[in-house]
Structures are given as C-alpha cells and as structure tokens.
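Here you get one chain, nothing else, as structure tokens; it is the form predicted on its own.
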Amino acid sequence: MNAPVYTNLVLRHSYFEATARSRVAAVLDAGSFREFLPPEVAQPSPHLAILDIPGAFDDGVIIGSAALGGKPVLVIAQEGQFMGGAVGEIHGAKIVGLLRRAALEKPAAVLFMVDSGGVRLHEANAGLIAISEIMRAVLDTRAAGVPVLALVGGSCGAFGGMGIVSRLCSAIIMSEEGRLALSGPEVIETVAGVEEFDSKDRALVWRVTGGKHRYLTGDCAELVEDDAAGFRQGAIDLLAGWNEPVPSSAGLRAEQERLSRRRQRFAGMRDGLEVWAALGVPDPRQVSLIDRDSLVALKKGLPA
C-alpha cells in the first residue's frame, strides 16, 4: 500500500517557544548575524554569583549585527528561559551599549526581540537603573534617526520596565501569543488580590494583555503569526515604507493627550470584551476565535 502524499506542507516554528538564539537565526538573513560579546569574552552577573545563583555566559541577552532583507540592522534578543528574561546590570549594559552603537553607526534599524518580565529583583537598584538607562538609550537612538522595532511574542511577554521600553520603541510587532503590559497578571493579583485580577484565568490574561487586544487598541503596528517568518516579514514590511519623524516634545505631548482620551473612553472597563465592544466590534466574543487575517480585516472596518 502506497504511503499518502502530502502537498503544500508548510513547516512552522513557534516564535513563542523558541530560544533567543533560534529566533535570531530564523528572523535575520541567513548567516548574517555577528555576535558582540560572544561566550569567550562574556561577563556573567557578579550579583548572581554573590547570591550563589547560577548565571549565564550571556546574562540572558544576545546582541550583535546582521542583515534583514539585505538592510544592515543591529539586534537585541532577550532569553526568556533564563530568569524570565529579567534585566540586571550586565544584561542592561549590553542593551544600552548596543543602542548607543546604533545611534553612532545609524543602521537601517534596531530589532529588539523583547522577552522579559521586567527587572531582575535579585539585583534590585542595579536592575532598576539599567531599565532607566535602556529607556533613555531607546529615545536617543530614535532621535538619531534610527527606528527601534520591538518584537513581542515570547513566552515571558513584555512586562514591567520592559513593557515601558517596548512602548518607547518606534513600533511594536506582536503575535497573538505575545503579551504586553506594565504590571504582570501575577503581580497585580499579589498586590491587589484575585478579585482585582485572576492570573490563573488565562483567557482573561490574553484578552487584557495579548497581541489581538494590543492590535485592536493600536498599541502594536503589526499583528503576525506565531512563527519567525511572520516576525521577519512584519519587520521588513514596516521598514520598507519607514518615514518616522524625529521624536519631539510636541509629538510626545500629542501622544500623551491621545492616551488620556483613551483612558477616559475605557474608564472602568475590566475585560478586553468590554473594550472591543466600545471600539465597535460587532461580536467581541469572536475575537479570540478568529485567525490573524480575519482580525486585521476586522480592524480595518472599525470606526475611526
């Protein structure tokens, strides 16, 4: 008996489940990545060593240069599988150094593959200072005319300080599986109680912080499939027509006013379902069920 023949079979590799190094290899042009501070010259965190906590030679973040669609880019990729991608002193210094290099060399873009729950509490103030330095470096890089694109689709999402950093970037590309917020669900539940936010209600978590929600509310520029090819093409498409004005105080004030109006519009709402209804989605409960292309079409049909 002959074995069945399958045609048009496409192998997909989940971005959500991938390691930082496999994301770098799959998103960028093949063979183009050159790592800065590779293993033989790396400096693991001295703070973790003092606490007898195992470190990592790259301290949970990879930086380097590469090409994307033939254009030169600099790359940051956080490893969510090491301490939840949390930012410590060495981790943050590598990111800041890469961004400062971008402001000087002016590549086509910086790709920031965010996968982090925020600050590494083991390093306390050092981690908090690192986050503030990253924020400043992102804005300095954008002011130098270099777009910084945040790619959010990892298992740790973009929370805490890295949630703020992501929103400071020029644009965000997310998958449905990606999550973006200031405080993580577990943090909210711990501080305010399960009545405020049930972190075990996974459907609620994604309705409030997930990629579909962020796309509908305009927090991310591109919604892509959960694979490296989707993130790669999303970044290429954004850069193809890129014409971002240099950030200015007037532009920042306008953005703050827009966010203030949005806060008033959605005041008191506790679930993405309520927000989607307010946006004009005819059947909010279908949002979680429809595919990426259908959601993109749905957004185009919403009232301005």
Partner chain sequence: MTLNEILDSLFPAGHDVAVAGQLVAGTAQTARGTVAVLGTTDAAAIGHDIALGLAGRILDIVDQHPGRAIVFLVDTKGQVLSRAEELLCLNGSLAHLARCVDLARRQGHVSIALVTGEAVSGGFLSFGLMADKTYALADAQVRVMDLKAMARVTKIAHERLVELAGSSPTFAPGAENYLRMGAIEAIWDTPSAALLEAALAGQAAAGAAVDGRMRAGLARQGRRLAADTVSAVLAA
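Positions refer to the first chain, counted from 1. Note that the structure is a prediction, hence the values are computed from the model and not measured.
What comes next is about the form predicted together with the partner chain, which is not displayed.
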query	finding
Contacting member of 146, 76, 216, 181, with respect to the partner chain in the model of the complex [4.5 Å, heavy atom]	181
The single option of 156, 223, 86, 208 touching the partner chain in the model of the complex, heavy atom within 4.5 Å	208
Full three-residue contact with the partner chain in the model of the complex, heavy atom 4.5 Å, for 93, 188 and 270	yes
Close approach of residue 200 to the partner chain in the model of the complex, 4.5 Å, heavy atom	no
Non-hydrogen atom contact residue 238 with the partner chain in the model of the complex at 4.5 angstroms	no
Partner contact for residue 46 in the model of the complex: the partner chain, 4.5 angstroms, heavy atom	yes
Partner proximity in the model of the complex: residue 232 to the partner chain, non-hydrogen atom cutoff 4.5 Å	no
Heavy atom within 4.5 Å of the partner chain in the model of the complex - qualifying residues of 128-150	128, 129, 131, 132, 133, 135, 136, 139, 140, 142, 143
